[in-house]
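What follows is a single chain, given as structure tokens, in the form predicted on its own.
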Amino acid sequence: MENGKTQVELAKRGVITPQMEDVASCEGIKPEVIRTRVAEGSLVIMTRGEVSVAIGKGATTKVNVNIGTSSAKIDPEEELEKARVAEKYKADTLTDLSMGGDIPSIRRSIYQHTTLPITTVPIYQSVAQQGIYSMTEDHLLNNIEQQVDEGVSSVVLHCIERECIEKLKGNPRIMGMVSKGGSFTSIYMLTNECGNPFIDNFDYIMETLKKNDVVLSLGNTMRSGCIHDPPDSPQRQEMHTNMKLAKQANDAGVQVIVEGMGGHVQASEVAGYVRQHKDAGDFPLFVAGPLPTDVAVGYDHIAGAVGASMAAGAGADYLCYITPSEHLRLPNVDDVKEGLVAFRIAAHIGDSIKFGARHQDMELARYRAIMDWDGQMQHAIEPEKASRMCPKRGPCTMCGDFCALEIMHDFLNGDNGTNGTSNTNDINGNNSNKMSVHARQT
């Protein structure tokens, strides 16, 4: 970075960096517009090496994949395979949530075998190494410094206030607090009878993040754990605290993302809740899901993708995927793939709402109209599975000889159908001289 300056600091000085040029080209946005948005904080550029990912205003919706061991299942090789699968199937970012085994070693392995930007939640490592009741402020800060020096692209901090935690006492919520990082931070504060260590040391942490232009992600402690826990006072207070801290981070030259709304949200509330966050502050909004129903157990990736498409369409910028095993167990490799593909579809749908119908859909439809299966696969979000299902040529087995496209082709193209052929043009306008349905059947 030029003279040790961050993207925000350079943007505010009027400098267009190589990373801004890269994402401008990828997103189809003018570099000067990218610079302006980075300066004001409405867009961030998460980087790792040569990889730059734009998240925020005007950029396509991005998808994050969570991986990592737990205290109940420690298999570093499986986590590495999950990371490889996430990159293969086009995740935009990875988050390592490991809490079991040699956590720094697991991260190093993921770094060595992937190129995607990586996010961590430093308090996870502190709890795993020292215990939830024994970790210290020094250990928390040292873990942030260690992970920044290792090369993480983003860190998540839960900046919940003591007053907000107290509001949960006697609160009618069914699920209480469901944020793991938020609960760790809350227990630290309650056990030590102190304020939030991340807020108390905010300026110091900002200087640490600036060393490598690491993006700050402000965690969502007070999210709802079920759709019958509606937005409440603790959620609103956390949202306003996060927006205040986001402005402080931007003023300090640190890029920042705000996590909000994720978890479980009644479908009718999704769009309005996104607007609340955007009205409170136009920083990139990161949502987990949201899940618009609680009964899709085993299929939560589908329910989550429904909620995520609604959220993205309403203005959310960054989606955290959900897998089929959500609420049940640590996801396996297949779960990671299924969850990622579902959320890439959700992001695509959300972008079609935000920006209009996507060109990729037009291209696939053109190939579908002429039953060009290879052409369709070129534009499918995940072509491998679809390729195993489709025929080599001609209509699919759903319709066989009674394909609507072929039955109506001659009429719709102005041919009276008497010549026995349907002069179908391929995607490039070349005559493919396909046999008509009438000719085949006679």
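Since this is a predicted model, take the numbers as computed values, not measurements. Quick note: we count residues from 1 along the sequence shown, nothing fancier.
From this point on, the text means the form predicted in complex with a further copy of the same chain, which you will not see here.
- Residue stretch of 202-210, 250-258, 139-147, 318-326 approaching a further copy of the same chain in the model of the complex, non-hydrogen atom distance within 4.5 Å: Stretch with heavy atoms near the partner: 318-326.
Sort through Val85, Ile345, Leu245, Met189 and report the residue having a heavy atom within 4.5 Å of a further copy of the same chain in the model of the complex. Looking at the other structure, the residue within range turns out to be Ile345.
Review point. Which listed residue (Ile118, Ile106, Cys159, Val127) meets the criterion of a heavy atom within 4.5 Å of a further copy of the same chain in the model of the complex?
Key: Looking at the other structure, the residue within range turns out to be Val127.
Quiz item: Does Gln276 make contact with a further copy of the same chain in the model of the complex, using a 4.5 Å heavy atom cut-off?
Solution: Looking in the model of the complex, residue contacts with a further copy of the same chain do not include Gln276, since no heavy atom lies within 4.5 Å.
> Is Leu80 close enough to touch a further copy of the same chain in the model of the complex, meaning at least one heavy atom pair within 4.5 Å?
Replying inline: Answer no; every heavy atom of Leu80 is more than 4.5 Å from a further copy of the same chain in the model of the complex.
Given that the partner is absent here, does Ser42 sit within 4.5 Å of a further copy of the same chain in the model of the complex, heavy atoms only? Answer no; every heavy atom of Ser42 is more than 4.5 Å from a further copy of the same chain in the model of the complex.
inquiry  = Quick check on Gly176: any heavy atom within 4.5 Å of a further copy of the same chain in the model of the complex?
reply    = Looking in the model of the complex, residue contacts with a further copy of the same chain include Gly176, since a heavy atom lies within 4.5 Å.
So in the model of the complex, are Asp294, Ser309 and Val341 all sitting within 4.5 Å of a further copy of the same chain, heavy atoms only? Per the other structure, all of Asp294, Ser309 and Val341 touch a further copy of the same chain.
Discussion item. Within 4.5 Å of a further copy of the same chain in the model of the complex, counting any non-hydrogen atom, which residues from 385-401 show up?
Written reply: Residues within 4.5 Å: Lys385, Ala386, Met389, Cys390, Pro391, Cys396, Thr397, Met398, Cys399, Gly400, Asp401.
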